[in-house]
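Quick setup: one chain, the form predicted alone, written in C-alpha cells, and binding and motion questions come after.
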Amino acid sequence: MGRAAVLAIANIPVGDHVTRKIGGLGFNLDTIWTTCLAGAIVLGLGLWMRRSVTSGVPNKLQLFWEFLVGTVQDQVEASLGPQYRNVVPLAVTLFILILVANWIEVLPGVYHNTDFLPAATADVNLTYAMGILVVVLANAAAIRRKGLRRYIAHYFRPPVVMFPMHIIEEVVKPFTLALRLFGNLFAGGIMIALILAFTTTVFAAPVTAVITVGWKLFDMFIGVIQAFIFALLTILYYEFAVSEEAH
C-alpha cells in the first residue's frame, strides 16, 4: 500500500479543531476544554495530596510530590540560588500540567477530532502561550535583578555589532519552547493515526491493538520527556536572564 493511500485512510486532520467565533476572535474549544480538564486534574491531585499529607509514613502520592518538588528545588538552587525559590512552583506546575495534557490524548482517544479528547499541547496556540509566559516572567526577573538600564545594556554587550543577534536570540526563545513541545506531541498523534490506518488494512484486529498499545505507551514516555524538558528549559531561561555573565 502506497504512502498516499495510508494517509487517505488515516484522514489526518492538521490543525483541525472545534472552533467558535466570539467577538471576531476564533477559539479552539477542544483545546480550551482539555486544558481546563488538565488543570482540574492537577488541582485535584494537589488538593488530594494536601488532605492526605502526613508527617508519619507518606503515601505514594505524597512521595511523588516530595520527590518532584525536591528535585526541582535542588536544580533551581544549584542554578539560580535560594533567593529564586519562587521559580520552583512555576516549574513544577508546568511539568505536571504539560504531562497531564500530553497524556490526555494518549489514554482516551486516537487523534484530533470531535469524538476523542485531543492533547491540548498538540495545539500550537497553547504552547505559544506557555512559551511566551516563561520568557516574559524570566525577563521580568532579570529587570528586577539588574534594573532596567543594565537589562537593556546587556543587549549591547561586546561585540556591539552583535546587538541584532542578541535581540533575535531573545525573540525566538518562546518559539523554540513552543514548537519543540508542539512538534513532538503532534507527531505522536500522527504516528498513532498512521499505525492504526496501516495495520488495520494489513493485520488482524488483535495485532493492530497490540501495535497501537505499544506505540501509545512509547508516546506516554515521550510525554514525560517533553514535560521534563519544558520545565528544565524554564529554569535555564531564568538562569540566563538573571546571570551577570553573557549567555
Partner chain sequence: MVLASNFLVPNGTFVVELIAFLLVLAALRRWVLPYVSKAMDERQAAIRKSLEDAEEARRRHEEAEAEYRRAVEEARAEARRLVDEANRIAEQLREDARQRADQEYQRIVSRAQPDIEASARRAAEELRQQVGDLVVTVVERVVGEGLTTEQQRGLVDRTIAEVESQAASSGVSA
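Residue numbers count along the first chain shown, from 1. Because the structure is a prediction, the values reported are computed rather than measured.
FYI, the form predicted together with its partner chain isn't displayed, but the following is about it.
- Among heavy atoms of Arg50, some come within 4.5 Å of its partner chain in the predicted bound form.
- Under a 4.5 angstroms non-hydrogen atom cutoff, its partner chain in the predicted bound form has Pro89 among its neighbouring residues.
- Contact check for Tyr128: a non-hydrogen atom falls within 4.5 Å of its partner chain in the predicted bound form.
- Under a 4.5 angstroms non-hydrogen atom cutoff, its partner chain in the predicted bound form lacks Asn184 among its neighbouring residues.
- When contacts are defined as a non-hydrogen atom within 4.5 Å, none of Ala140, Leu232 and Ser243 contacts its partner chain in the predicted bound form.
- This chain is drawn without its partner chain; in the predicted bound form, the residue among Ile104, Leu177, Leu80, Ile96 with a heavy atom within 4.5 Å of it is Ile96.
- Of all the residues from 46-69, those having a non-hydrogen atom no more than 4.5 Å from its partner chain in the predicted bound form are Gly46, Leu47, Met49, Arg50, Val53, Thr54, Ser55, Gly56, Pro58, Gln62, Trp65, Glu66, Val69.
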